[in-house]
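Below sits a lone chain in structure tokens, taken as the form predicted alone.
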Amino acid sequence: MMNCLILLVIFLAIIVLVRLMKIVDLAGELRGHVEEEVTHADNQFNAFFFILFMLFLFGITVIPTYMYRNYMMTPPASEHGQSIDNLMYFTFAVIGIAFFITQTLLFVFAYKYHAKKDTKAFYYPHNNKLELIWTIVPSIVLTAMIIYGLSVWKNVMMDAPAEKPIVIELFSKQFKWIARYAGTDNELGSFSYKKIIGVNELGIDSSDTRSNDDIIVSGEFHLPVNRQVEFHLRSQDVLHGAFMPYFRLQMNTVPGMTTMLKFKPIITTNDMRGIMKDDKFDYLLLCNKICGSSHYNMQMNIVVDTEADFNNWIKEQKTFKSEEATKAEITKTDSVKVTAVLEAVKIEKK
């Protein structure tokens, strides 16, 4: 009901504005004013409103940014997170300075050089010095931004970690994430898309002994705080994006190839709940590529534990070998039951 009333008010306001414009036109005709004629007063009026619009534009840019500054960036929960944030702040600063300088010049010049009586426009087609300035200065600034960004990328992605990382595979498919831990040998077993059959969603090669201690989980996976983690990323079907905003991580998962990410979490889930003042807070793994109709629902909880809690959790998880044995036992039991039922049917028919 309220939405209908709002729409009705907007509709009536538009009608009123149209009728007022018509009244203004009629009043001009009665005064002998020609609508196509642009007067000096019209030019002054438009020039003045250029300045007002500039102030309005700066206001709607600065005020919301200041009001919601605490919601723009959550505290970084990874070792490299602060360097990513610093890079983003630097980018915002460069873009912001360029925005305010260019927009100020645009509107102030429109005000200063509006059409005036007996003033002729000066034809100024070319200036080599100006062209060099607005070519060289942006080139230097952009080069600095690129070099800074590459240095951050090198520190995050390419520098060798001080410790051996925990290896975890993140497998993406419409519309689900699956995590596979490398187990006690810290080596993932081999896989093949040809082996993605039935319950073997990841296509793991069961003949590879490195697969025996691998641990597969879905819905939620755990990480130890202050330990280096190395992610191996795969996709079964289409392009997905592994996005972990609180850790400042993002990497595409590409069908047919394995991509990689590494980082060190520095704030446990419980500690972050205190920082965020939210008892229900959880770290999330999201898909930030539009991968299909249920893309919005493709997410997985991440729990950052203390070292002791993580070790207790990992001990409770079943290995790939034990799960395979359990599935084989279930299959064998089901086969025996089916055989018994068939035998009973035969006896009953006799």
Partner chain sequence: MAHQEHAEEHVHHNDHDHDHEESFVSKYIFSQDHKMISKQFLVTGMIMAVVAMMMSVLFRLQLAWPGESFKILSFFLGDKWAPKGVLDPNMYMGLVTIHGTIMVFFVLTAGLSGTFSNLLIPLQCGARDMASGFLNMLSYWFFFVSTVIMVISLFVQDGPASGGWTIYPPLSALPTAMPGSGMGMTLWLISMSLFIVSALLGGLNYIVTVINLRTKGMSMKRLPLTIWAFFVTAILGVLSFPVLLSAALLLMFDRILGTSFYLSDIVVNGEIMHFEGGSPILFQHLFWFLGHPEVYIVLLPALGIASEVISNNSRKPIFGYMAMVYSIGVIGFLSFIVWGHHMFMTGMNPFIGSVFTFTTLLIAIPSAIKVFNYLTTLWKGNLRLTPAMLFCIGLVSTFIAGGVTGLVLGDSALDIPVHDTYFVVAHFHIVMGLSAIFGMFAGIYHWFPKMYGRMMNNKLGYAHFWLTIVCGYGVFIPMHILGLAYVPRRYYANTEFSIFSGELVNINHVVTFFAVVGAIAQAIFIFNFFHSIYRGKKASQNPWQGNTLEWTTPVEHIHGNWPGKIPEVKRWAYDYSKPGYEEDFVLQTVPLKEGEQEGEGH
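Basically, rigid core = biggest C-alpha set you can superpose within 1.5 Å across the two forms. All figures in this text were calculated on a predicted structure; none of them were measured in a lab. Residue numbers count along the first chain shown, from 1.
Just so you know, the form predicted in complex with its partner chain exists too; it's not on screen, but the next bit is about it.
Listed stretches are 267-275, 210-218, 181-189, 121-129; the contact stretch with its partner chain in the predicted complex is 121-129, by a heavy atom cutoff of 4.5 Å. Not displayed here, its partner chain is kept clear of Q228 by more than 4.5 Å at the level of heavy atoms in the predicted complex. In the predicted complex, no heavy atom of E307 sits within 4.5 Å of its partner chain.
Contact check for L55: no non-hydrogen atom falls within 4.5 Å of its partner chain in the predicted complex. Though the partner is left out of this view, K164 does not reach within 4.5 Å of its partner chain in the predicted complex, counting heavy atoms only.
Annotated contacts: S78, I168 and W313 are all free of its partner chain in the predicted complex [non-hydrogen atom within 4.5 angstroms]. In the predicted complex, the residues of 174-206 lying within 4.5 Å of its partner chain by at least one heavy atom are, in order, Q174, Y193, K194, I196, I197. Taking the rigid core as fixed, one finds a CA shift for W134 of 2 Å or more between the shown form and the other one. Once the rigid core is overlaid between the shown form and the other one, N226 does not reach a Cα shift of 2 Å, moving by less than that. Core-superposed comparison between the shown form and the other one: the Cα of Y193 travels less than 2 Å.
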